[in-house]
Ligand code: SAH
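Before any questions on how it binds or moves, here is one chain, the form predicted on its own, in structure tokens.
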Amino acid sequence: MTTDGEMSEKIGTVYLVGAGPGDPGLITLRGYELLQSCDAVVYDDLAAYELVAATPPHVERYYVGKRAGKHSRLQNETSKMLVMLVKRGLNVVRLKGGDPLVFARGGEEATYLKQAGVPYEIIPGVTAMTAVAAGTGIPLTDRRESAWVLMATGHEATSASLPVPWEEIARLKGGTVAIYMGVGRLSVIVEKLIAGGADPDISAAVVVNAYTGAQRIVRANLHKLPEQCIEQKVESPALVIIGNVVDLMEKLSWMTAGTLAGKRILVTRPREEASEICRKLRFHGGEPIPLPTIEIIPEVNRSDWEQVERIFGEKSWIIFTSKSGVTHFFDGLFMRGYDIRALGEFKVAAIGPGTADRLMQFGLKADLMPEISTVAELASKMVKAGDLIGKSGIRVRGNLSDDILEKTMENAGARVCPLTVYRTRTADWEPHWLKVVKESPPDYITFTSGSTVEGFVSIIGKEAAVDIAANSTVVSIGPSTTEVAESFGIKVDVEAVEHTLDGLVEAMVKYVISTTQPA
């Protein structure tokens, strides 16, 4: 890959990809595969954070979002950026909310690329209109109520935009009108429709944050809809649906608000481990903001492995104190030509249920696990478990792990071989991510290890981290993580009883219920 600004003999391709609205699961398989294999992603404001944050570490990321008239870049600048990136030899995903060719300026960008001689492909996406229909139970067409659908933009952004003939649309009967970007001018639009002959009492709805846990519906007769939106402080992103089909929502709606509905939740786990907790949070209606504060990369320490190999065949202990340690240990074991039979004589210790579950994925059951998931408690339990004099042990660890366990076991007479299998480092945040978190602190911040706390403080800065945390509800997976957070002056509001992802989410749900129920 060439460095920034250099041209390459090999030209790349631009993929105009529709991310869909709301739930990241609405992206097509083709779109997701391209995100995982591209060299750069240029993304909009409405593309789900999960999709961008889940791209591999080598992917260059560029934010070019637009919302409510605030543009990080002009459209022409974005198009020029795409050309510049492909001329460096990069394959670029241009990630757009919804569908690239439905009110997303995909046509303008494709025209620019065509004129520049740049190869491109267009990958469709679920557009906001169909997501609203699915998420609310408002069918766009129904042979009893609607024989046609009309899409229109409510946001005539520039003098170059074609006007929408609202008066002519008003004279059409027996169909459904879907208005994108119409909240800001809703009063004017409704006035024109009624002046053109639309029934002022026809059913209408505005759907905010469609197909997400934060989905909200404002429903009223057409002439009352603008007033209702003002009273309920409706903001974009929102889509307006007008037609008799809105009445069918009462019978067909299926999406219910979860306990965490509308809650923005910062997920600080490493990129490759964030999807699991995001799914769990979305199940309860939460809106995850997965911005990893740490990166975990494999570490191959030959001298450590050589010491470990000498112990194979002995009746020894092997101790795992993290899920990452389990994964990278087995990667290293298999790379060295061994399989699980090499551990046949070992007893296995795990720090907690999450680590034990990861071991079971490799067919290995933990023989020992403390009730409290801390290294100190694990070390104490191992000493109590039996005579360690003359015994060997392998401590699978990362580069930042402390040596409490090793010292405790050695004081009890054991010989411990530390095996470093991964390295933790602070992740890099996009300037846009930093701006979002600082200007609009999330409702909840989740920490699943002490290193995620340390990464958060390193990225944000200690003073800002404490301030942001004070304006959020901080949730910790267990006492070790809480201890690290509090050492920085970050107050932990909720600590999981069971030190697993399920336990953390359960603790959040119970906290929300306890703080929202009337006394």
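These numbers come from a predicted model, not from an experiment. Counting begins at 1, following the sequence as shown.
Heads up, the form predicted together with this ligand isn't pictured, but that's what we're talking about next.
S.K.: Going by a heavy atom distance of 4.5 Å, is I27 a contact of this ligand in the predicted bound form?
M.R.: Taking the distances in the predicted bound form, the answer for I27 is no, it never comes within 4.5 Å of this ligand.
S.K.: Please run the contact check for V208 against this ligand in the predicted bound form: heavy atoms, 4.5 angstroms, yes or no?
M.R.: Flag for V208 set to yes.
S.K.: Would L239 sit within 4.5 Å of this ligand in the predicted bound form, counting heavy atoms only?
M.R.: Judged by the heavy-atom cut-off of 4.5 Å, L239 is in contact with this ligand in the predicted bound form.
S.K.: Does at least one non-hydrogen atom of G352 fall within 4.5 angstroms of this ligand in the predicted bound form?
M.R.: No, G352 stays farther than 4.5 Å from this ligand in the predicted bound form.
S.K.: Of these, L266, A104, M382, I277, which has a heavy atom no more than 4.5 Å from this ligand in the predicted bound form?
M.R.: Only one listed residue qualifies here, and that residue is A104.
S.K.: Heavy atom within 4.5 Å of this ligand in the predicted bound form: which of D304, D99, E287, E406 fits that? Just give me the one.
M.R.: The residue from D304, D99, E287, E406 that makes the contact is D99.
S.K.: Look at the stretches 134-142, 411-419, 176-184, 426-434 and give the one with heavy atoms within 4.5 Å of this ligand in the predicted bound form.
M.R.: Of the stretches listed, the one contacting the partner is 176-184.
S.K.: Within 117-150, which residues come within 4.5 Å of this ligand in the predicted bound form, counting heavy atoms only?
M.R.: Residues within 4.5 Å: T127, A128, V132.
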